[in-house]
Every structure is written in structure tokens, then in C-alpha cells.
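For reference, the chain that follows is the form predicted alone, supplied as C-alpha cells.
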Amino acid sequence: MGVVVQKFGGSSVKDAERMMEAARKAIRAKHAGNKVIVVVSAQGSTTDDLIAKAAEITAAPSAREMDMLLATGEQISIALTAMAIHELGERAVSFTGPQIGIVTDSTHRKARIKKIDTQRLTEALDAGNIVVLAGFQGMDEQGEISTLGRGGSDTTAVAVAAALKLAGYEVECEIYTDVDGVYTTDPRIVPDARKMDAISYDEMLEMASMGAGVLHSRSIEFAKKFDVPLMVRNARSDAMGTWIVPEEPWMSEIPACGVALAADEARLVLEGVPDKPGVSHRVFAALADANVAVDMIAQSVGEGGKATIGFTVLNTELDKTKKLLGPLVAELGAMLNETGKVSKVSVVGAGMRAMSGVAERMFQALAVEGVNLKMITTGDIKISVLVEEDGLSESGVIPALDAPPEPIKKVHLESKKAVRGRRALRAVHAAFGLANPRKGAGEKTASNGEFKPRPNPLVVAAARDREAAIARLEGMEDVMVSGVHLNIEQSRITIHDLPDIPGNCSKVFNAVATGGILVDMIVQNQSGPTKAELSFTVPRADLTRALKRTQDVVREIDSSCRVVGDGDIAVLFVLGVGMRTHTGVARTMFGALAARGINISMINTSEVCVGVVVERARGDEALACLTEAFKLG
């Protein structure tokens, strides 16, 4: 018998009618032959109301006492949900996070799960109960109540599913929301967006980090780390939603599965940074120590002993970041510039690992719309660009950008102001034909027509296995670095002083793509008010051809630009789960290289990968020191 974990958010249990519907879904899952756990959030606006009550007392409440207060919201929900199940004739028992042994670290308001003891859960399930569990909460090892912060109930649901899977159960997790599933982009911005039937963990991680607000990254990290099949579906219907599953071969046939818009980021540029070992480490260690999560990082090739580092943080962290870095910037003799309002537009797809021309197609679509790119970064399966929003009125008088229908969440009100970002999103979505049916989005795959993977053979859950399962759950939300890889078969091309106007990137990558040359890392930073520096890597075997094609097209753009090729590089990638939500990954990586005196000449980041370029002669040494730093030896 399998276990189904169902999570219902605040809007799905906001009143008696919604709560009874959630109870019916849980009962139907039980009658289908499953053991059922229901994870619920606080009802409706309860959490906001509790925060407001605290504000009536003090402007600076204790984080510990806020956790004590906020945890009561879920306690109300679990009791009422259990009562609803009783009323419908089924057995149910409710538990708080501490009651079933969700142990966290001691970071109040944004704690991370360390382990879960499944004994009380399994006893209640084996007794025939539907277990109703409070999301968003746990307790630390001193017995203090803690809350998990953003996405906490999603995280609870997937973490519990992971714990039960390790205890020997066949498990799946359903996240009920107010949408039908995961779409190729936000349908309230792009009306012809298509619901996906399936998406891989890595693709969903990138989509979540780039503005697709259906799931929080932490819950997807758990699902990937413990191989938990996850479905996003609508709380108001019984229609199938979107499976989030391990990557399947058919997924690599599709260059792009979705695009996303994030309108809540700020871009900072460190100019005139000394181009020597340890500088990147000092910058990002300072931010990691203050728990500031950095999203895009793009370090350009140094020139004249100086380099430029561009990066983005959430708007809410902007003032804190500038204050933190002020003394260090002064010490380095550099300049820290804020570049105004920006939107991040990203395209994601497993197929871009092996397909050429993906970047060219994206940049061409943006060039046609007259959208200029202020920064470019790439990852294993994503390309992100920053679009400047300053200079536009908030009304954004562009006929194609109709107001989305109600209900509109705050994030969509913010994106309504992202006029260029919304226009860019529509252009990229159309360029990749994402409104059309394809495998995983309107068409079945060849294998059984099924998207959910076949379950792994069950582990025999004998008593002797319990201690081993609990041991595997220790530090279950810690970052998991799965590998460090060295590639010495890449080369780099850098264009200095490229005019910073729409269409130039498209021309460059069109020239490279028409030669059938696969581009890997791409980094673009501004090198002056009207100039940009663009670097990208290609296979060493293709350097001569790629360099000539680049020189030819750049000569047509501006004969004063300089194009430089370099075959003497090594690219290192650190891969894992939790790369961005844990602020210390870049610090560890850059610190290990700095300790060996290895200089970093390019940086690129994504949700599942951090990549750097170093001298080829020191590639093996860099690989060894990173393997040691992340304890992978």
C-alpha cells in the first residue's frame, strides 16, 4: 500500500467549504487504497493577521516569540481539517510539526529541516487514520518552536514524503494550489501558455528560482534529493496536474520547456575590481555571512588588471547589500553601481545541453522587440537575461500587454509594472513555440503514455531498518553537492567594447549557431555607459571557426571592437541540490580556489550549477581542491 501526501495551502482551506472539499479529496485518496497524510497551511490571511497583531504590540518582535505566534495558525487548520474528515465519516488525527518529530536548526522564522522521525506518523497511518499535519513548523534540538519561512508548507509536505520513502514506503506527493499545474509561463501574462503534463526536477528548480511562483525551490530540492514524485494540481478540481519527476530521455529532445519572468530583483555591478585570486571569495563570503542570497552572478574577463562582477539580489535585500559591501568596495578601490530597475527573463530546457542555436533564437526574439540585454548568464539548462525597466511609465501603454484577469496576487501586480520584461516574456515564449502541443505538454510520450515514473521496489520496513533510515535523514535539508567536473576541452571568445544596443548579441550568436557550433557558458556585463563585454565558451576544436565567424560579424557591427580567443582555459562546474537557497556554496567554492592562489576569470551560476573559468594549467589542481572542499573524495 502506498502513501499519498496531499498539501493544501491557505487559500485551499480558507473557509468551511474549501476545508470540506480538501477533506473529501483526502478521503477519496484513502478509498483508492492509499495511506494518506494531509499537510495544511494556516487559513487564508491568518498568518498576515497574526503578523499584524504583533505589530500592534511592537515594531521589533522577538523572532522566537514570532515563531510561537505564527505556529498557532497551522494548529487551528489541522484541528478543523481533522474535524471535517470526522464529519464525513472517516478516521483522522491531527499533529503539529513538533509532535511528529520534525527537527530543525535554530534559525527562527526561516529554519531548515534537519531530520524527521517517522515512528508516530507510521503508527497513526497503520491504525487506519488519515494524518493531518501542520505545515511550516517544527522544533529545534532544544525543544523551541520554529517556523520554516517562505514555502514552508510545501517543504514540510515533500520532506515528510521523503522521510516515509526512506522508511520503506512507496510515496507520492500532491501539492494543491489555485492553478491547474505548471504552465510554460504565467498564463496571466501570456494567455496562450500551455499546461505541462511533466517537467524534470532540474527544469522546475530553474523555473521556480526565476519567477514561476507555483512551488518554492526548497520543496523541489527535497523531491530531487530523495526522488519523490511530485504533482502540482488544482484544489478545485480532480483534473490531473503536472508531474515533477526525474529527467526522462524525451525531455532532452525539447530545447525549451518554459520561460519565466522575475520582476523583484536588483542588479549591482562592481567595477574596477582587482583581477586576482580571492576577490570574488571576499565579496560573496560577506554576503553569505549575512545570509543574503545572490541569484545571477556574472564575472567578466579581466583587462588591465581589473575585472567587473555583476550580480543580482532581491529588491528587499538591496539596501542591506550596499551597506554590507561598502567598506570592502572602498578597500578594493572599486566602484559599486546600482543599475536601476530590472526584470529577469529566463528560458529553461533540458535539450539546450546538446542543441546549438538556443541562445541565438532567444536573443533574436528580443532584438525584434527592441529589448536590450543588460546582463546575460547561462546554466546547464537555462539562459537568463536582465532587461532594464527604468524610463518607462508604470502604466506601460503597450496594447499587447492587457491586464491579467482576477484574482491577481501581489507578484503579478509587480510584474504589471515590468513592461519590457512582460513584452520580452511574450516574445521568447512565441519564439520557442511553447503554445503548441509537444511531448510533456499535450502529447503523450512513447512509453506507456505515462508521465509518472514506475515506483522503485519497496524496501522491507523491518525494525532493524528504522535506525538506518533515521540516520539517512540527518541533515536532510543541507546542501547536497553531488559532483565537481573539469572540462579542459573548452575555449573562450571575448568581445570587448561591444555597443550596448538591441540585436548585437543576436547577430553574434546567429553567426556562431549557423556554423553548428555549440555555445556553453555565456557572460555579458556592461563595461561602460554604452559598451558591453561579452564572453562565451565553445569547444576547443571549434575555436578557430568560431573566432573567425565572431570577428566577421563584429567587424560589421563596430570595427573598433576587439575580439580575443583563448584556448588556454579550464571550466569547472560544481553540481548539486540547494545551490542557491544555501548562501555558502559560492563562498566555499571561491574560498577553496583563493586558498590555492587560483584566479577566477569567469563566473556563471544557476539553480543546480556554479561554473568558473580558470587557467588550463591549473585545472587539475582546481578540481582536486574543490573535491576536497566539498568532501567528495
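On a predicted model such as this, the values are computed, not experimentally measured, just so you know. Rigid core (definition): largest C-alpha set, two forms, superposition within 1.5 Å. Numbering starts at 1 and runs along the sequence shown.
The protein also exists as the form predicted together with aspartic acid; that form is not presented, and the subsequent description refers to it.
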{"property": "Interface membership of residue 599, aspartic acid in the model of the complex, 4.5 Å heavy atom rule", "result": "no"}
{"property": "Any non-hydrogen atom of residue 136 within 4.5 angstroms of aspartic acid in the model of the complex", "result": "yes"}
{"property": "Contact flag, residue 97 vs aspartic acid in the model of the complex, heavy atom cut 4.5 Å", "result": "no"}
{"property": "Aspartic acid contact at residue 34 in the model of the complex, heavy atom, 4.5 Å", "result": "no"}
{"property": "Contact stretch among 537 to 545, 520 to 528, 149 to 157, 162 to 170 - heavy atom within 4.5 Å of aspartic acid in the model of the complex", "result": "149 to 157"}
{"property": "Answer option from 593, 26, 42, 608, heavy atom within 4.5 Å of aspartic acid in the model of the complex", "result": "42"}
{"property": "Heavy atom contacts to aspartic acid in the model of the complex at 4.5 Å, residues of 592 to 617 in sequence order", "result": "none"}
{"property": "Threshold 2 Å Cα movement between the shown form and the other one for residue 612, core superposed", "result": "no"}
{"property": "Residue 149 C-alpha moves between the shown form and the other one by 2 Å or more, core aligned", "result": "yes"}
{"property": "Core-aligned C-alpha movement of residue 42 between the shown form and the other one reaching 2 Å", "result": "yes"}
